[in-house]
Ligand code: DGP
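Next up: just one chain, as structure tokens, the form predicted alone.
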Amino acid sequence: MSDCLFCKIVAGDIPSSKVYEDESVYAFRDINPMAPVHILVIPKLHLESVNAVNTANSAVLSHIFEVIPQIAKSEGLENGYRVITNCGEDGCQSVKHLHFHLLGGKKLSESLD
């Protein structure tokens, strides 16, 4: 999708601080981190949100959840971490490309206000 921020990052049109890449997944550091480790993990395939997941594309999500523990381990998140995705306006999804926030590096608040 030509006007999607994350698609432009995957294409290399916008610079990012890459931490992981394979044929279907790209992960990079968030530019406004909310924790000492804040990495965005995205499918290279443009999917607007969780609502776009179906049987034809769900394998990429399975792969993302295989990759996230590898990234967490490489970042030293031995005591745990949080994975969050936002969906739609009320869910505060700011970029309309499915992405998962990997947060860690400190004891996180139990509140998600």
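Computed from a predicted model, the values in this text were never measured in an experiment. Position 1 is the first residue in the sequence shown; the rest follow in order.
Below, we turn to the form predicted in complex with the ligand, even though it does not appear here.
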Query raised in the report: Which of these residues, Arg82, Lys44, Arg29, His63, gets a heavy atom within 4.5 Å of the ligand in the predicted bound form?
Result: Arg29
Query raised in the report: Going by a heavy atom distance of 4.5 Å, is Leu40 a contact of the ligand in the predicted bound form?
Result: yes
Query - Partner contact for Asn86 in the predicted bound form: the ligand, 4.5 angstroms, heavy atom - result: yes
Query - Proximity of Cys92 to the ligand in the predicted bound form, heavy atoms at 4.5 Å - result: yes
Requested in this report: Although the ligand is absent from this view, report whether Leu108 comes within 4.5 Å of it in the predicted bound form, heavy atoms only.
Outcome: no
